[in-house]
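This document opens with one chain alone, in structure tokens, the form predicted on its own.
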């Protein structure tokens, strides 16, 4: 009897968890998540710069930061779902008006963060610098066109 109750409780718990994980994301939560991912990318980029340019002595942390950037770069394509262009966001409506062009810039960001990771992993300083510039260019290209200007 005790085993049967435990099985029922575990089953109900799993069903409740599964139900929550498939619920639609509210636009306000999607915007908060987008901001969190973008903040994480900015933080890892900053940490990478501090290490790579010799301002701090944590060379053993460099790969962790580029691993994170590459992983976050793959998430960009899902961070701008329909319905998240209004509210507490710096995203311009142009994102949803130019989905192909925006998608190309997202792909460039994903590619450049992956190339940065590969260059760091290979220990290739020249390729690292080239890839880091590409990461910066892809971020700037997207922000210049699709992000509200800071006041």
Partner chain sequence: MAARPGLAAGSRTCVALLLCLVASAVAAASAEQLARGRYLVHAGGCISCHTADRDGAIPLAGGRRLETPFGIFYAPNLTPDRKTGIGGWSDTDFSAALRHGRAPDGSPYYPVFPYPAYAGISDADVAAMAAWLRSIPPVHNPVPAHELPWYLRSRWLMLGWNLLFFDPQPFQADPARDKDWNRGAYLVRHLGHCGECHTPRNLFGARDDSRELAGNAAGPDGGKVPGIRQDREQGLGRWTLDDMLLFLELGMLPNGDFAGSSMSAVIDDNTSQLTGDDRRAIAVYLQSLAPLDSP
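Given the structure is predicted, the values throughout are model-derived calculations rather than measurements. Residue numbers count along the first chain shown, from 1.
There is also a form predicted in complex with the partner chain; it is not shown, and the following applies to it.
Here the chain stands alone, but in the predicted bound form its contact with the partner chain, taken as any heavy atom within 4.5 Å, falls in 35-43 among 60-68, 35-43, 113-121, 78-86. In the predicted bound form, the partner chain stays beyond 4.5 Å of every heavy atom belonging to residue 131. Interface residue remark: residue 55 is counted as part of the site for the partner chain in the predicted bound form, having a heavy atom within 4.5 Å.
At least one heavy atom of residue 101 is located within 4.5 Å of the partner chain in the predicted bound form. When the partner chain is considered in the predicted bound form, residue 107 lies well away from it, no heavy atom lying within 4.5 Å.
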